[in-house]
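Here we start with a single chain on its own, the form predicted on its own, put down as structure tokens.
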């Protein structure tokens, strides 16, 4: 399995404005590896995941390509995505999993429905054990599940169709640190079993636990794409360095200023107003070659 994203862009048309949510994204992800897509909230990370699954609203325009082996996910129709891709070739672990579970049905009923619709012979109990749940936990309703249990149910639902690619969209939101570490360990286990994981997160500590590669996203663009060990020890883009310096275990210094509005992006480098290295060169948009910066 290989995911190859080439020139992926997403625009949302609003009355009197266009939101540039994702711009010219390019990366590859192969089986057995985890790519962490990191950046501040609102930079376009989750939009990227939903674009790959064809789950964007009607006012969205998607261009470019996203090849899952020989299938272009951008060009694929809804019938293909619904019957061949979602759940079967790509599993989604959604943000705030408890909010995505049907409140009036038990976890067991929801897992059983997913297995039935995907044509899988596995039982809910077997799937629960694979996701680290006790079978007895499945008889609870979503409001009776702890944060960790709800996360594991979401993981089980994503695994129901045995997909080779998992999209984990902010899977640690609202979890305390021990549950974050347990969730990351579970995702790393999936990689070690041969699956590919695209981890979308703003939690750099979580990304450091499991990522093989890191893509840093700022104002709709990927500005750095590198091996995880390089990112965490010697980031090249000033924004990537700023994200790491903001961690409590490091300088604990926030990145100054605010990101630009995605309806009014500048023509040059979008990070220029916040960048300590900015010069007149930054009036031109830098090209991503591992890092998109004139002063890397």
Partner chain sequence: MLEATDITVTFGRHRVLDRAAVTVSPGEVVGLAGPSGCGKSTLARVLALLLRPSGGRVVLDGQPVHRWRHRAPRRTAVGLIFQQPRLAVDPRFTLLDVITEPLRANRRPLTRAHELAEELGLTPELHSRRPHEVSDGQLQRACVARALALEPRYLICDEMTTMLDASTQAHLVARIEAYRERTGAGVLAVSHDIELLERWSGGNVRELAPTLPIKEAAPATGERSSA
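From a predicted model like this one, the values you see are computed outputs, not experimental measurements. Residue numbers count along the first chain shown, from 1. Between two forms, the rigid core is the largest collection of C-alphas that superpose within 1.5 Å.
Unshown form predicted in complex with its partner chain; subsequent notes refer to it.
Enquirer: Pick the stretch from 22-30, 225-233, 36-44, 66-74 whose residues have a heavy atom within 4.5 Å of its partner chain in the predicted complex.
Expert: After filtering at 4.5 Å, what remains is 36-44.
Enquirer: Residue 148 near its partner chain in the predicted complex, any heavy atom under 4.5 Å?
Expert: Residue 148: yes, in contact with its partner chain in the predicted complex.
Enquirer: With heavy atoms only and a cut-off of 4.5 Å, decide whether residue 176 touches its partner chain in the predicted complex.
Expert: Output for residue 176 is yes: heavy atoms within 4.5 Å of its partner chain.
Enquirer: Mark residue 254 yes when one of its heavy atoms lies within 4.5 Å of a heavy atom of its partner chain in the predicted complex, and no otherwise.
Expert: Yes, residue 254 lies within 4.5 Å of its partner chain in the predicted complex.
Enquirer: Decide whether residue 106 counts as a contact residue for its partner chain in the predicted complex under a heavy atom distance cut-off of 4.5 Å.
Expert: No.
Enquirer: Just to be sure I understand the contacts: of 86, 188, 202, 120, which is the one whose heavy atoms reach within 4.5 angstroms of its partner chain in the predicted complex?
Expert: By the 4.5 Å heavy-atom cutoff, the listed residue in contact is 202.
Enquirer: Kindly indicate whether 14, 95 and 134 are, all three, within 4.5 angstroms of its partner chain in the predicted complex, using heavy atoms.
Expert: Yes: each residue has a heavy atom within 4.5 Å of the partner.
Enquirer: After core superposition, I'd like to know whether residue 75 moves between the shown form and the other one (criterion: C-alpha shift of 2 angstroms or more).
Expert: The answer is no, as the C-alpha of residue 75 shifts between the shown form and the other one by less than 2 Å after core alignment.
Enquirer: Is the C-alpha displacement of residue 149 equal to or greater than 2 Å between the shown form and the other one once the rigid core has been superposed?
Expert: Residue 149: C-alpha displaced by 2 Å or more between the shown form and the other one.
Enquirer: Examine residue 234 after superposing the rigid core and state whether its CA is displaced by 2 Å or more between the shown form and the other one.
Expert: No, the C-alpha moves less than 2 Å.
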